[in-house]
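The chain that follows stands alone, in the form predicted on its own, written as C-alpha cells.
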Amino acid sequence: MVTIEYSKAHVNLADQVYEPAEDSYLLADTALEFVKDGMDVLEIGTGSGFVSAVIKANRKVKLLATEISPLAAICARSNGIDVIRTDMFAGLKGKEQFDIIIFNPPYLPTSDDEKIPGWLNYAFDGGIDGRKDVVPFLQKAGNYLKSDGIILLLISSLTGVDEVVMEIEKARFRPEIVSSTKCSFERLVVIKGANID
C-alpha cells in the first residue's frame, strides 16, 4: 500500500480510488484557512480521505465524511476518517448541522465515450457540462449548514466558473473565489459560499 505525507497527515492510497492531485492539495490548503478548532465539518465525496485527514492532522474538529464508492470509503476509514457510504447527503439523518461543508466534485465535462469503468468513474465524471453533481450539492447543502456556516466548493475552469457562481447564487449562497491555481490545461478554483439568509 502506498502512503503519502502532506501537512502532517499520512494518507494510505488504494487501487480504484482517486489519488490526491493538484485539486486535492488546493482544497486541503484552503480548508485549513477556514476550519477552526471546535468546528463541525462535513466533507462530501471524501475519496481516500485526503482532505479530511489533512484537516484532522491540523485542527481539533468533529469531522464526518460521505463517499459513494465502497472502495474509497474503505480507504478513507483506513485513514481514520469517520465516513458514511452514501450518495452525497442521502445517508445523513437530516438533523446534523455543520459549520463548514467541503466538496471536490467530479468536475470534468465527460461524454459517454469518456467514461471509465468501475467506481473510479464517480471521481471524474462531471457529466456533459461538468456540473452534474455541483447543482444537486448546492440544492441540498443549505439544509445541513448552521446559519453562519459556509461551503467550500472546488471546480475547474472547464466546469464554467461563471455558471457555477450563478448556481451558487441561485442556491442562496454569497459566492467568493478564495483560492485558485493554474494547472496544465485548466485553472482550479475554490469558491466559498456563505449563507445569505
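Everything quoted here is computed from the prediction, not taken from an experiment. Heads up: residue numbers just count along the shown sequence, starting at 1.
Another form, the form predicted together with a small molecule, is not on view; read the next lines as being about it.
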Query raised in the report: Taking heavy atoms only, is Asp87 within 4.5 angstroms of the small molecule in the predicted complex?
Result: yes
Report task. Mark Ser69 yes when one of its heavy atoms lies within 4.5 Å of a heavy atom of the small molecule in the predicted complex, and no otherwise. Result -> yes
Query raised in the report: If you check in the predicted complex, is Gly130 within 4.5 Å of the small molecule, heavy atoms only?
Result: no
**Report entry** Close approach of Gly80 to the small molecule in the predicted complex, 4.5 Å, heavy atom
**Finding:** no
Report summary line: Only one of 31-39, 144-152, 45-53, 166-174 sits within 4.5 Å of the small molecule in the predicted complex by heavy atom distance, namely 45-53
